[in-house]
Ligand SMILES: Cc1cc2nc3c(=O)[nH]c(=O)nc-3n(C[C@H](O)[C@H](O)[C@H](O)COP(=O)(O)OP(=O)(O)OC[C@H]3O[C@@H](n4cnc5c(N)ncnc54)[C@H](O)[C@@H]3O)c2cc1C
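Below sits a lone chain in structure tokens, taken as the form predicted alone.
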């Protein structure tokens, strides 16, 4: 019987592991892929406290090493279900079954990718998923934004204050009229409605993007970076038996990270929240771990 199982080894999960171990709780972190979550695909971070600038992989590695040094154990297996009976949780992976007293779900969310030629090749080499994180890196240069929703239009507006030119490629526009009008008012933003990337190319880094529409009009645009704003995907259906998920797929949990099920917390990008950043994920991890540790210590005394 384990005490605490943390699902996910991104910033939320790794921070939770540190806080729970420092509280003297037995911790097992389950991660189906590489530790670090979206950090490992983030080129450079300039808005995380104590770092003027840090590479995503480096911050992920530092968080992992700290959790490991604190005594957290890591299991690299995919979690396929979580159930509860009589106050004991059963976490089933693709290889084994684990029983525990409490669970922190910190599996994050995944950014939707463009899926065109070169989109995998230039991950972290000019393709970014966060305009507020990486925009400063391309100050004074032309960039592209891909997406048709409010987030894409907001990213384009943000980048227009930094970059010489913003090429906004929207296969379909779903942004509000207010956002569309704001974009149209900016002289250095060009909206390509009905266009979608067919190729992202470069040498060591991104140097351009090719886009096309249904009329087979092809355009080749020189850019220094491509910002993807196509939304996120979540894989929370596997937790449906222990938590409530909203219509967008996020686990319903307030700022205390507690779910409707006693003994289960949700931390980081996976939960309902207004801001999804590395620092807020870490904050969630600390909050969830502190509550989970107190819960476990109380159960020990019974």
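Rigid core here is just the name for the largest C-alpha set that superposes within 1.5 Å across the two forms. Here the structure is a predicted model, which is why all the values come from computation and not from measurement. Residue numbers count along the first chain shown, from 1.
If you look for the form predicted in complex with the named molecule, you will not find it shown, but the lines that follow are about it.
Mapping the unseen interface onto this chain, residue 128 falls outside it, with no heavy atom inside 4.5 Å of the named molecule in the model of the complex.
With a 4.5 Å cutoff on heavy atoms, residue 16 does not count as touching the named molecule in the model of the complex; it lies far away. Proximity of residue 42 to the named molecule in the model of the complex falls within the 4.5 Å heavy atom cutoff. Residue contact with the named molecule in the model of the complex: residue 73 places no heavy atom within 4.5 Å of it.
Here is the short version: of 229, 101, 206, 79, the single residue with a heavy atom within 4.5 Å of the named molecule in the model of the complex is 79.
Contact with the named molecule in the model of the complex, defined as a heavy atom within 4.5 Å, holds for exactly one of 258, 34, 28, 245, namely 34. Heavy atoms within 4.5 Å of the named molecule in the model of the complex map, among the stretches 134-142, 102-110, 115-123, 186-194, onto 102-110 alone. Within 4.5 angstroms of the named molecule in the model of the complex, the stretch 1-32 places a non-hydrogen atom from each of 7, 8, 9, 10, 11, 12, 13, 30, 31, 32, taken in sequence order. Here residue 104 does not count as shifted, since its C-alpha moves by less than 2 Å between the shown form and the other one after the core is aligned.
When two forms of a protein are overlaid on their rigid core, residues whose CA moves 2 Å or more are considered shifted, and residue 71 is not one of them between the shown form and the other one.
In the model of the complex, the CA atoms of residue 129 and residue 78 draw together by 3 angstroms or more relative to this form. A decrease of at least 3 Å in the separation of the C-alpha atoms of residue 55 and residue 132 is found in the model of the complex, compared with the displayed form.
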